[in-house]
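Listed next as structure tokens is one chain, alone, in the form predicted on its own.
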């Protein structure tokens, strides 16, 4: 499969009479047209929209999801298949991308499992969405709606807005600043292409614990899937969509699924120092038997493909740590070397056990940071959303919101701060 990403760089965002990408790189948005599209869903009592740019003294809270605007311009299907597009296989042809723009969905859903995006100040240093030009949708549900219905409405609204922005910009004549090409041949060709390089695959754990801890693949709740193979290009067309209301720091937003840096890095090294054979997706379950089934099946697929090395990432912490460690243990026992990507909940002093599970085979682990670390965020000039949610967000506590408008929270409260795909603004350097 061959996919071209036609990236048009967005350098600003403003309201305008028509939705288009101007010659100066500023994304103009027809606010009335956008809101009319979103308000077609009768599950909202109210929908509003706002804009936030890098450097603005703006706080967005409570954030549910972030989506990158994309649309198909050549090839089968449409982005977000099974959600707002058909279920046709995606991942080939040409896809138009508004590079540097994002749709942020904001609303009171679960409360403690949404997050914060600061566009400037200390908090901006920890979230990858402080450097994107954000169109924020703020939702208010109709009275009496069941919470799962409300979450679905918010999820679909974000996807619709992202498609609307990309499609309108492309139809306005916006041209790509650069084109990226991603292509992998069939598995038999891959296995024989680089006989001297180690065969490496990516085991991509998806959050599927239920109770609004959900991820969707082609519109299907991934709890209903057994471990399977997906072409890495499919993720770039939105085949995997976040439905999660989990701790914001390590929630894999739809944006991160579209821009998975593990997949990008493996592509970049394909044919150089490794042979990137493909992606295996598996779910994170809540019962032991389901964990064992999923892990056994995922490692079996890796063995069938002749994989010699696995990069394994997770989403969430605690219960999902068991899936991560089980996959590591099974793969290593099968002779497949593993590298794990996770974050840590090591206490505010960093002295506690970082993961809920462990195995001696887990001897190559990449940490995306300690989610319990305390940060102080200054007062912003403007808040988009609902300020009163700060005290109840995971990572916040009674008294987090101070009288002067500043807040004290753990990194856990900041959207994407310790993303376990490595889509973060933190790093480490050895001296």
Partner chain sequence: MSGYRIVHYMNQFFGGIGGEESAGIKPESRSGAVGPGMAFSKALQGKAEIVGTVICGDGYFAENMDEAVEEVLRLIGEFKPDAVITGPAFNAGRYGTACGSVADAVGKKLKLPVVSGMYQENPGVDLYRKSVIIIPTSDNARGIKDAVPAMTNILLKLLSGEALGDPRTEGYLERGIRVNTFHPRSGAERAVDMLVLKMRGEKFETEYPMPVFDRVAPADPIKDLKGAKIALLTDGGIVPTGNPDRIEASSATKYATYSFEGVRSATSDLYQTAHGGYDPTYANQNPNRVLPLDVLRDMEDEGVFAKLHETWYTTVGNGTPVANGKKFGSEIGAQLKKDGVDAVILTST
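Positions refer to the first chain, counted from 1. Quick caveat: nothing in here was measured; it's all calculated off a predicted structure.
There is also a form predicted in complex with its partner chain; it is not shown, and the following applies to it.
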Would you mind picking out the stretch of 298 to 306, 123 to 131, 73 to 81, 153 to 161 that comes within 4.5 angstroms of its partner chain in the model of the complex, counting non-hydrogen atoms? 123 to 131
Non-hydrogen atom contact residue 425 with its partner chain in the model of the complex at 4.5 angstroms: yes
Residue-level contact is defined here as any heavy atom of the residue lying within 4.5 Å of its partner chain in the model of the complex; does residue 230 satisfy this criterion? no
Exercise: residue 186 in contact with its partner chain in the model of the complex, heavy atom 4.5 Å: no
Quick one: is residue 194 in contact with its partner chain in the model of the complex, heavy atoms, 4.5 Å cut-off? no
64, 242 and 283 each touching its partner chain in the model of the complex (heavy atom, 4.5 Å): no
Listed residue that, although its partner chain is not shown, lies within 4.5 Å of it in the model of the complex (heavy atoms), from 94, 140, 337, 293: 337
Find the only residue in 175, 333, 351, 179 having a heavy atom within 4.5 Å of its partner chain in the model of the complex. 351
Does anything in 326 to 347 come within 4.5 Å of its partner chain in the model of the complex by heavy atoms, and if so which residues, in order? 332, 337, 338, 339, 341, 344, 345, 346, 347
Which is it in the model of the complex for the CA atoms of residue 55 and residue 425, closer or farther than here, knowing they shift by 3 Å or more? farther
